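Before any questions on binding or motion, here is one chain by itself as C-alpha coordinates, the form predicted on its own.
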(Lines give C-alpha, C1' and ligand atoms only; values in the text may rest on other atoms or scores of the structure.)
Protein backbone atom coordinates (compact mmCIF):
# COMPACT_ATOMS: atom_id res chain seq x y z
CA UNK A 1 0.00 0.00 0.00
CA UNK A 2 1.15 3.53 -0.77
CA UNK A 3 2.52 5.49 2.19
CA UNK A 4 1.18 8.99 3.05
CA UNK A 5 3.42 10.90 5.42
CA UNK A 6 1.37 13.25 7.62
CA UNK A 7 2.85 16.52 8.82
CA UNK A 8 0.57 18.06 11.46
CA UNK A 9 0.95 21.66 12.61
CA UNK A 10 -0.68 22.21 16.00
CA UNK A 11 -1.31 19.69 18.80
CA UNK A 12 -4.21 21.40 20.60
CA UNK A 13 -7.89 20.46 20.49
CA UNK A 14 -8.20 20.19 16.72
CA UNK A 15 -4.70 18.84 16.19
CA UNK A 16 -5.52 16.00 18.54
CA UNK A 17 -8.77 15.34 16.65
CA UNK A 18 -6.84 15.16 13.38
CA UNK A 19 -4.24 12.77 14.78
CA UNK A 20 -6.90 10.47 16.22
CA UNK A 21 -8.77 10.52 12.91
CA UNK A 22 -5.72 9.51 10.88
CA UNK A 23 -5.04 6.65 13.27
CA UNK A 24 -8.67 5.47 13.22
CA UNK A 25 -9.33 5.85 9.49
CA UNK A 26 -6.73 3.30 8.47
CA UNK A 27 -8.32 0.63 10.66
CA UNK A 28 -11.97 1.41 9.87
CA UNK A 29 -11.83 2.02 6.12
CA UNK A 30 -10.15 0.38 3.13
CA UNK A 31 -7.91 3.26 2.07
CA UNK A 32 -5.77 3.72 -1.05
CA UNK A 33 -2.86 4.91 1.12
CA UNK A 34 -1.64 4.26 4.64
CA UNK A 35 -1.38 7.48 6.70
CA UNK A 36 1.86 7.62 8.69
CA UNK A 37 2.16 10.12 11.55
CA UNK A 38 5.52 11.42 10.43
CA UNK A 39 6.18 14.89 11.87
CA UNK A 40 4.43 17.27 14.28
CA UNK A 41 5.19 20.99 14.57
CA UNK A 42 4.11 23.34 17.31
CA UNK A 43 4.94 26.69 18.90
CA UNK A 44 8.34 25.53 20.20
CA UNK A 45 10.47 22.41 20.39
CA UNK A 46 9.27 21.31 23.83
CA UNK A 47 5.54 21.69 23.10
CA UNK A 48 6.08 19.88 19.81
CA UNK A 49 8.01 17.06 21.50
CA UNK A 50 5.27 16.49 24.08
CA UNK A 51 2.59 16.63 21.40
CA UNK A 52 4.41 14.14 19.19
CA UNK A 53 4.86 11.71 22.07
CA UNK A 54 1.23 11.98 23.14
CA UNK A 55 -0.24 11.67 19.66
CA UNK A 56 2.12 9.06 18.24
CA UNK A 57 4.17 11.08 15.75
CA UNK A 58 7.60 9.79 14.84
CA UNK A 59 9.32 13.18 15.04
CA UNK A 60 8.72 16.78 16.11
CA UNK A 61 9.88 20.32 15.39
CA UNK A 62 9.31 23.80 16.76
CA UNK A 63 9.32 25.32 13.26
CA UNK A 64 6.46 24.68 10.84
CA UNK A 65 8.73 25.66 7.92
CA UNK A 66 10.91 22.64 8.67
CA UNK A 67 7.80 20.45 8.51
CA UNK A 68 6.66 21.82 5.15
CA UNK A 69 10.11 21.23 3.64
CA UNK A 70 10.59 17.74 5.08
CA UNK A 71 10.86 15.12 2.28
CA UNK A 72 8.96 12.51 4.31
CA UNK A 73 5.93 14.80 4.70
CA UNK A 74 3.50 14.17 1.85
CA UNK A 75 0.50 16.06 3.30
CA UNK A 76 0.59 19.33 5.25
CA UNK A 77 -2.16 19.34 7.89
CA UNK A 78 -2.87 22.76 9.44
CA UNK A 79 -4.48 22.86 12.89
CA UNK A 80 -2.75 26.06 13.98
CA UNK A 81 -4.39 29.40 14.93
CA UNK A 82 -6.31 31.11 12.11
CA UNK A 83 -3.73 33.80 11.40
CA UNK A 84 -1.18 31.12 10.43
CA UNK A 85 -3.37 29.30 7.91
CA UNK A 86 -2.48 31.48 4.94
CA UNK A 87 1.33 31.55 5.25
CA UNK A 88 1.53 27.83 5.98
CA UNK A 89 -0.81 26.90 3.15
CA UNK A 90 1.08 29.11 0.68
CA UNK A 91 4.36 27.49 1.70
CA UNK A 92 2.89 24.01 1.26
CA UNK A 93 1.50 24.92 -2.17
CA UNK A 94 4.92 26.25 -3.18
CA UNK A 95 6.43 22.94 -2.04
CA UNK A 96 3.94 21.06 -4.22
CA UNK A 97 2.21 19.34 -1.29
CA UNK A 98 -1.53 18.85 -0.74
CA UNK A 99 -3.03 20.78 2.16
CA UNK A 100 -5.61 19.81 4.80
CA UNK A 101 -6.58 22.92 6.76
CA UNK A 102 -8.98 23.52 9.61
CA UNK A 103 -11.70 26.08 9.09
CA UNK A 104 -11.74 29.00 8.60
CA UNK A 105 -9.36 28.77 5.67
CA UNK A 106 -8.33 32.41 6.15
CA UNK A 107 -9.38 35.47 8.17
CA UNK A 108 -11.27 36.97 5.22
CA UNK A 109 -12.44 36.13 1.73
CA UNK A 110 -9.67 38.04 -0.04
CA UNK A 111 -6.99 35.99 1.72
CA UNK A 112 -8.94 32.78 1.09
CA UNK A 113 -9.16 33.59 -2.62
CA UNK A 114 -5.38 33.95 -2.80
CA UNK A 115 -5.11 30.40 -1.46
CA UNK A 116 -7.75 29.10 -3.87
CA UNK A 117 -6.00 30.67 -6.85
CA UNK A 118 -2.59 29.45 -5.73
CA UNK A 119 -3.70 25.87 -5.16
CA UNK A 120 -5.70 25.63 -8.38
CA UNK A 121 -2.94 27.18 -10.49
CA UNK A 122 -0.43 24.68 -9.08
CA UNK A 123 -2.81 21.72 -9.34
CA UNK A 124 -2.62 21.10 -5.59
CA UNK A 125 -5.41 19.10 -3.94
CA UNK A 126 -6.91 20.65 -0.80
CA UNK A 127 -9.46 20.01 1.92
CA UNK A 128 -10.87 22.18 4.71
CA UNK A 129 -12.15 20.80 8.01
CA UNK A 130 -15.93 21.21 8.02
CA UNK A 131 -16.45 17.82 9.64
CA UNK A 132 -20.10 18.41 10.61
CA UNK A 133 -20.85 17.93 6.91
CA UNK A 134 -19.63 14.34 7.26
CA UNK A 135 -22.25 13.22 9.79
CA UNK A 136 -24.18 10.33 8.14
CA UNK A 137 -27.47 11.76 9.41
CA UNK A 138 -26.76 15.09 7.69
CA UNK A 139 -25.99 13.14 4.54
CA UNK A 140 -29.47 11.67 4.90
CA UNK A 141 -30.94 15.16 5.34
CA UNK A 142 -29.30 16.28 2.10
CA UNK A 143 -30.67 13.20 0.33
CA UNK A 144 -34.19 13.93 1.60
CA UNK A 145 -34.00 17.55 0.49
CA UNK A 146 -32.52 16.70 -2.92
CA UNK A 147 -35.11 14.00 -3.60
CA UNK A 148 -38.00 16.43 -3.16
CA UNK A 149 -39.47 14.36 -0.32
CA UNK A 150 -40.26 17.51 1.67
CA UNK A 151 -41.12 19.49 -1.45
CA UNK A 152 -39.68 22.83 -2.43
CA UNK A 153 -37.52 24.29 0.32
CA UNK A 154 -38.95 27.60 1.49
CA UNK A 155 -37.22 28.16 4.83
CA UNK A 156 -33.99 27.48 6.73
CA UNK A 157 -33.18 28.25 10.35
CA UNK A 158 -29.71 27.52 11.62
CA UNK A 159 -27.73 28.23 14.77
CA UNK A 160 -24.34 27.31 16.19
CA UNK A 161 -24.21 28.30 19.85
CA UNK A 162 -21.78 27.35 22.61
CA UNK A 163 -20.77 28.91 25.93
CA UNK A 164 -16.98 28.56 26.09
CA UNK A 165 -16.57 32.37 26.07
CA UNK A 166 -19.58 33.17 28.29
CA UNK A 167 -17.47 33.78 31.42
CA UNK A 168 -16.17 37.39 31.37
CA UNK A 169 -13.15 36.15 33.32
CA UNK A 170 -12.14 33.83 30.48
CA UNK A 171 -8.83 35.24 29.21
CA UNK A 172 -8.07 36.82 25.87
CA UNK A 173 -6.98 34.17 23.34
CA UNK A 174 -5.97 33.89 19.69
CA UNK A 175 -9.67 33.45 18.82
CA UNK A 176 -10.21 37.12 19.71
CA UNK A 177 -7.42 38.48 17.50
CA UNK A 178 -9.00 40.59 14.73
CA UNK A 179 -6.16 39.53 12.44
CA UNK A 180 -7.53 35.98 12.65
CA UNK A 181 -11.13 36.80 11.73
CA UNK A 182 -14.25 38.62 12.90
CA UNK A 183 -14.91 36.53 16.01
CA UNK A 184 -17.77 34.10 16.44
CA UNK A 185 -19.22 34.84 13.01
CA UNK A 186 -16.01 33.36 11.60
CA UNK A 187 -15.35 30.70 14.23
CA UNK A 188 -18.77 29.07 14.73
CA UNK A 189 -20.68 30.93 12.03
CA UNK A 190 -18.64 29.25 9.31
CA UNK A 191 -19.92 25.84 10.42
CA UNK A 192 -23.61 26.66 10.21
CA UNK A 193 -23.06 28.56 6.95
CA UNK A 194 -21.36 25.51 5.48
CA UNK A 195 -24.32 23.35 6.50
CA UNK A 196 -26.80 25.84 5.01
CA UNK A 197 -24.95 25.73 1.69
CA UNK A 198 -24.65 21.93 1.79
CA UNK A 199 -28.34 21.36 2.50
CA UNK A 200 -30.12 24.23 0.72
CA UNK A 201 -27.64 25.67 -1.77
CA UNK A 202 -25.86 28.92 -2.54
CA UNK A 203 -26.64 31.94 -0.37
CA UNK A 204 -27.38 35.04 -2.45
CA UNK A 205 -27.60 37.83 0.15
CA UNK A 206 -27.54 38.49 3.90
CA UNK A 207 -28.64 41.16 6.35
CA UNK A 208 -26.49 40.86 9.46
CA UNK A 209 -26.07 42.12 13.02
CA UNK A 210 -22.98 41.59 15.21
CA UNK A 211 -22.54 42.17 18.94
CA UNK A 212 -19.62 42.16 21.35
CA UNK A 213 -21.08 41.18 24.72
CA UNK A 214 -17.85 41.00 26.75
CA UNK A 215 -16.03 44.23 25.95
CA UNK A 216 -12.71 43.36 27.60
CA UNK A 217 -11.00 40.27 28.94
CA UNK A 218 -8.00 39.48 31.17
CA UNK A 219 -4.76 39.28 29.19
CA UNK A 220 -4.08 35.92 30.84
CA UNK A 221 -5.56 33.48 33.36
CA UNK A 222 -6.25 35.38 36.60
CA UNK A 223 -4.63 38.59 35.35
CA UNK A 224 -5.82 41.99 36.59
CA UNK A 225 -4.79 43.66 33.33
CA UNK A 226 -7.43 43.50 30.59
CA UNK A 227 -7.50 43.91 26.84
CA UNK A 228 -10.31 45.28 24.70
CA UNK A 229 -12.27 42.77 22.59
CA UNK A 230 -12.79 43.97 19.02
CA UNK A 231 -14.58 40.97 17.50
CA UNK A 232 -18.12 39.59 17.69
CA UNK A 233 -19.50 37.39 20.48
CA UNK A 234 -22.90 37.02 18.80
CA UNK A 235 -23.94 37.13 15.16
CA UNK A 236 -27.36 37.00 13.55
CA UNK A 237 -28.43 37.41 9.95
CA UNK A 238 -31.35 37.00 7.62
CA UNK A 239 -30.46 35.06 4.48
CA UNK A 240 -31.78 34.74 0.96
CA UNK A 241 -30.79 31.63 -0.98
CA UNK A 242 -30.18 31.64 -4.71
CA UNK A 243 -32.85 28.96 -5.12
CA UNK A 244 -35.56 31.17 -3.62
CA UNK A 245 -35.68 30.02 0.01
CA UNK A 246 -35.09 32.43 2.87
CA UNK A 247 -34.26 32.09 6.53
CA UNK A 248 -31.92 32.99 9.36
CA UNK A 249 -28.51 32.04 10.73
CA UNK A 250 -27.10 32.67 14.21
CA UNK A 251 -23.80 32.09 15.99
CA UNK A 252 -22.79 32.68 19.60
CA UNK A 253 -19.96 31.63 21.88
CA UNK A 254 -21.56 33.27 24.93
CA UNK A 255 -24.80 31.20 24.92
CA UNK A 256 -24.89 30.10 28.56
CA UNK A 257 -25.73 26.44 28.97
CA UNK A 258 -25.10 25.50 25.34
CA UNK A 259 -22.21 23.11 24.68
CA UNK A 260 -22.77 22.29 21.03
CA UNK A 261 -26.07 23.65 19.76
CA UNK A 262 -25.49 23.22 16.06
CA UNK A 263 -29.12 23.09 14.92
CA UNK A 264 -30.93 23.42 11.62
CA UNK A 265 -34.55 23.29 10.55
CA UNK A 266 -35.52 23.04 6.90
CA UNK A 267 -39.10 23.79 5.90
CA UNK A 268 -40.49 22.54 2.61
CA UNK A 269 -43.88 22.68 0.92
CA UNK A 270 -44.48 18.98 1.71
CA UNK A 271 -42.70 18.57 5.03
CA UNK A 272 -39.74 19.59 7.16
CA UNK A 273 -36.54 18.40 8.85
CA UNK A 274 -35.02 19.26 12.23
CA UNK A 275 -31.60 18.39 13.64
CA UNK A 276 -29.47 19.25 16.68
CA UNK A 277 -25.81 18.36 17.12
CA UNK A 278 -26.49 17.70 20.80
CA UNK A 279 -28.44 14.63 19.55
CA UNK A 280 -26.28 14.12 16.48
CA UNK A 281 -27.51 10.60 15.66
CA UNK A 282 -31.13 11.66 15.19
CA UNK A 283 -33.03 13.45 12.42
CA UNK A 284 -36.65 14.63 12.79
CA UNK A 285 -38.81 14.28 9.67
CA UNK A 286 -42.32 15.63 9.19
CA UNK A 287 -44.38 14.99 6.06
CA UNK A 288 -47.85 16.11 5.07
CA UNK A 289 -50.74 13.68 4.77
CA UNK A 290 -50.59 12.06 8.19
CA UNK A 291 -53.89 10.98 9.78
CA UNK A 292 -55.71 13.64 11.78
CA UNK A 293 -54.75 13.41 15.43
CA UNK A 294 -51.58 11.46 14.58
CA UNK A 295 -49.59 14.24 12.96
CA UNK A 296 -46.06 14.93 14.12
CA UNK A 297 -42.38 14.44 13.51
CA UNK A 298 -40.87 10.99 13.41
CA UNK A 299 -37.35 10.37 14.66
CA UNK A 300 -34.92 8.65 12.31
CA UNK A 301 -32.04 7.10 14.25
CA UNK A 302 -28.68 6.74 12.51
CA UNK A 303 -27.78 3.21 11.49
CA UNK A 304 -26.11 1.00 8.87
CA UNK A 305 -28.46 2.28 6.14
CA UNK A 306 -26.78 5.70 6.42
CA UNK A 307 -23.25 5.39 4.99
CA UNK A 308 -20.62 5.14 6.29
CA UNK A 309 -22.16 4.35 9.70
CA UNK A 310 -21.90 0.60 9.04
CA UNK A 311 -18.11 0.82 8.84
CA UNK A 312 -18.13 1.80 12.51
CA UNK A 313 -20.96 -0.40 13.82
CA UNK A 314 -23.37 -3.00 12.37
CA UNK A 315 -26.23 -2.08 14.71
CA UNK A 316 -28.49 1.01 14.47
CA UNK A 317 -28.85 3.40 17.38
CA UNK A 318 -25.42 2.70 18.87
CA UNK A 319 -24.22 6.26 18.20
CA UNK A 320 -21.35 7.87 16.35
CA UNK A 321 -19.50 10.83 17.86
CA UNK A 322 -17.67 14.02 16.94
CA UNK A 323 -14.34 12.26 16.38
CA UNK A 324 -16.05 9.78 14.08
CA UNK A 325 -17.11 12.61 11.77
CA UNK A 326 -13.47 13.70 11.69
CA UNK A 327 -12.48 10.14 10.80
CA UNK A 328 -14.96 10.14 7.91
CA UNK A 329 -13.49 13.47 6.79
CA UNK A 330 -9.99 11.99 6.81
CA UNK A 331 -11.23 8.99 4.80
CA UNK A 332 -12.64 11.37 2.18
CA UNK A 333 -9.36 13.28 2.17
CA UNK A 334 -7.19 10.22 1.57
CA UNK A 335 -9.55 8.80 -1.06
CA UNK A 336 -9.64 12.23 -2.72
CA UNK A 337 -5.86 12.41 -2.84
CA UNK A 338 -5.73 9.20 -4.87
CA UNK A 339 -5.49 9.37 -8.66
CA UNK A 340 -8.59 10.97 -10.14
CA UNK A 341 -9.93 11.97 -6.73
CA UNK A 342 -11.00 15.37 -5.50
CA UNK A 343 -11.24 16.00 -1.74
CA UNK A 344 -14.26 18.04 -0.60
CA UNK A 345 -14.91 20.55 0.87
CA UNK A 346 -11.85 22.08 -0.77
CA UNK A 347 -10.31 25.55 -0.63
CA UNK A 348 -12.86 26.89 -3.13
CA UNK A 349 -15.82 25.80 -1.00
CA UNK A 350 -14.15 27.29 2.10
CA UNK A 351 -13.75 30.57 0.19
CA UNK A 352 -17.46 30.51 -0.65
CA UNK A 353 -18.26 30.10 3.05
CA UNK A 354 -15.89 32.94 3.92
CA UNK A 355 -17.60 35.19 1.36
CA UNK A 356 -20.84 34.74 3.30
CA UNK A 357 -19.04 35.52 6.58
CA UNK A 358 -17.57 38.69 5.07
CA UNK A 359 -20.97 39.69 3.71
CA UNK A 360 -22.47 39.39 7.21
CA UNK A 361 -19.65 41.56 8.60
CA UNK A 362 -20.15 44.14 5.84
CA UNK A 363 -23.91 44.15 6.30
CA UNK A 364 -23.60 44.72 10.05
CA UNK A 365 -21.16 47.55 9.43
CA UNK A 366 -23.16 49.28 6.70
CA UNK A 367 -26.69 48.54 7.93
CA UNK A 368 -27.99 47.04 4.69
CA UNK A 369 -28.51 43.83 2.78
CA UNK A 370 -25.26 42.70 1.13
CA UNK A 371 -25.16 40.38 -1.87
CA UNK A 372 -22.53 37.64 -1.79
CA UNK A 373 -21.53 38.70 -5.29
CA UNK A 374 -20.30 41.99 -3.76
CA UNK A 375 -17.62 40.15 -1.79
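This one's a predicted model, so the numbers in the text were calculated from it and none came from an experiment. Positions refer to the first chain, counted from 1.
Not pictured, yet referred to below: the form predicted together with a further copy of the same chain.
- In the model of the complex, no heavy atom of residue 95 sits within 4.5 Å of a further copy of the same chain.
- Remark: residue 237 counts among the residues lining a further copy of the same chain in the model of the complex, judged by a heavy atom distance of 4.5 Å or less.
- With a 4.5 Å cutoff on heavy atoms, residue 256 counts as touching a further copy of the same chain in the model of the complex.
- Although the partner is absent here, residue 278 lies within 4.5 Å of a further copy of the same chain in the model of the complex, judged by heavy atoms.
- Note on the interface: of 193-201, 110-118, 67-75, 208-216, the segment with non-hydrogen atoms within 4.5 angstroms of a further copy of the same chain in the model of the complex is 208-216.
- Checked against a further copy of the same chain in the model of the complex, the candidates 244, 178, 220, 148 yield a single residue with a heavy atom inside 4.5 Å, and that residue is 244.
- In summary, among the residues 231, 154, 170, 84, the only one with a non-hydrogen atom within 4.5 Å of a further copy of the same chain in the model of the complex is 154.
- Although a further copy of the same chain is not shown here, in the model of the complex the stretch 247-280 places heavy atoms of 247, 248, 250, 254, 255, 256, 257, 258, 259, 260, 261, 265, 267, 268, 269, 270, 271, 272, 274, 277, 278, 279, 280 within 4.5 Å of it, in sequence order.
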